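Subsequent text provides structure tokens for two forms of one protein chain, presented individually as structure 1 and structure 2.
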Structure 1
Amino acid sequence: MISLFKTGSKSLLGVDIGSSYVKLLGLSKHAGNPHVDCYSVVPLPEGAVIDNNVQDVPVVAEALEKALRLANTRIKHAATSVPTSVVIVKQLEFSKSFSEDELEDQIKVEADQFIPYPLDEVAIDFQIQGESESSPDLNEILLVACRQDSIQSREDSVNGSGMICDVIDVDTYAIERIFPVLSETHDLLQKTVGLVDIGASSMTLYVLEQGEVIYSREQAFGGNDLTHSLTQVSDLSIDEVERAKKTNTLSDELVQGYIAPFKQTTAQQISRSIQFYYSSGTHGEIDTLLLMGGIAALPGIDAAVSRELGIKTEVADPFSAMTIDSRINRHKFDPEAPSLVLACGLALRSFAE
């Protein structure tokens, strides 16, 4: 079984493997509060990760090795994650009389009925969540299953970089873990919150109530098309375009011709995703939107989304509730911060009870 619910070592680096970048973040606690010790963001060659799957383990491992050097940390143990879209989650009930080994065998029998792959190709983990509301003789069990190759390729990438992959998490749980920190920096109490992760090739809407993800949906939309368009009409490389987007240093002509229309398109894509959420059931109306991921660093994108959707929208900011190590260059860190939210949620596994 995989190590999804394992606490891991006391200090874990959060490692987010995306389609275009790997992001690494380390946390400690100072006077009981989270402190950002280190971070790094390293680009990936095109094709190294496709459709949430690591296609070239040595290339991703090399990028992570560089990220580890740039972070300049002695911590080697790491937590990474698989996307929610490749995971099957099921709530089950079993008798309290089962031993852990017996329970594991029973869960495998049950899992075989709803997992559409041979069990020898699937990684499974479970957690006892407590007594069932339906009967005092039963425990509620959270079961999580994922294809072995999705797990193995990410674990091999981390281990191949010189780090030790202690924990394979799920994006959803990292989002839930960062939510209390976001609640400190945004007015989120008693609200239904939409957290939109906009990356290079995909966008995921998470909807949270009482700090729990009640809905998630991924769609193919991201910043790659914008980046490629800007490189074609300017003399800038891909890396230069990415830096200019985050620091708002593109020419007025490019901003008006490409950035402004892309913000509008992003707002429309978010609106489309929210409509799918509303059509999925009777969950509450979204009160606040938070944007994260690389595209969230585009200056003014929160205002553009808010105007289009009529929903209060902000860029997710967990780091203003933390202290930042004095060795970290804030001029570089701050533009990267929206893309580091998931890595931060993974690094918070260091403090899991």
Structure 2
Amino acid sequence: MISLFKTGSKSLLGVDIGSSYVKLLGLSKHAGNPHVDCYSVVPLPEGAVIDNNVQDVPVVAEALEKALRLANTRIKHAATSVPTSVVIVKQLEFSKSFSEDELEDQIKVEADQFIPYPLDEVAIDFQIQGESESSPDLNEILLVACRQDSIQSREDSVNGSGMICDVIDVDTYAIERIFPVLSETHDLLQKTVGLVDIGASSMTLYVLEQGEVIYSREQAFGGNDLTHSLTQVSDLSIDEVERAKKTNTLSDELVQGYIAPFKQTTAQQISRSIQFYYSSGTHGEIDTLLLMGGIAALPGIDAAVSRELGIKTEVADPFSAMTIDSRINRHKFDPEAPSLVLACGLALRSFAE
């Protein structure tokens, strides 16, 4: 059986390979508290990552190599992840009497029933979660499966950059890992929290209760739509639009004509996503929304979403609960912070047991 989640217990750089940027972040502990040692954000050319799959390993590896250089760190080991949407998770029950080998065989038989790919193309991992509630003779097993090539291309990209890929995680678990840190800054105790990651091409709503992801759904929506509209109506190239968005140097006309309506559209997309969540079953009502990903860096997006949805909305900020290295330029770091949340959740693997 192939191991999906390699484990490591050393300092790890969190590496988030998105469709438009690679994000890298390194943490250490100072007096018991997380400390941001380094970070970098490097753009990817169009087409390098499509539909959550790395299409061009050498190009992504080159961007990661640049990211490693810019981060200026001695840490080389890395944790990266696959998006939740490419992973199949299933809760199963098996007799406690199975040996490890027998259990692996049984899991393969079981997995063959619900995984829509040939098993030799799939990476499968499982975790024994404890005794089943239905019988003391059974164990609950969490099975996680993902197409082998989705993992391999990410691992090859990281390894091709000069880093050493120690961990391939799933975005959901990085989100769960960052949640306690977010709770230190935001009032999330006893709340049903919707965490929305809005990137360049996709938006994912995670709903968390007691720090556990109880629901997640990805939809095709993101900053690319805005970037493309802006290139069409101005004489700016994609790179220039990206830079202007990040430095808030777009003309007032473009801000009024395009950024403001885009915030409204984002709010409507989140609303739609939440409707899907409510229609999925009997889960609790969302008390608070947290926004992350590059689009969460748009000034005033939290207020626009809150106004449209009538739900308390904040930009996810794990870094207020951390110290930031004095070598890091805060004028550059702060506007990038929302897009670094996932990389931060991955870097937290450094402190995992």
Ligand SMILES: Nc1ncnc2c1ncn2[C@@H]1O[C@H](COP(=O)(O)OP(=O)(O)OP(=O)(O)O)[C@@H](O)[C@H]1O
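Residue numbering: structure 1 sequence, from 1. Here, rigid core means the biggest group of C-alpha atoms that superpose within 1.5 Å across both forms. Computed from a prediction, not measured in an experiment: that's the story for all the values here.
Note: the form predicted alone is the first of the two, structure 1. With the core held fixed between the two structures, Phe98 has its Cα displaced by at least 2 Å.
Gln256: CA moves less than 2 Å between the two structures after rigid-core fitting.
Lys246: CA moves 2 Å or more between the two structures after rigid-core fitting.
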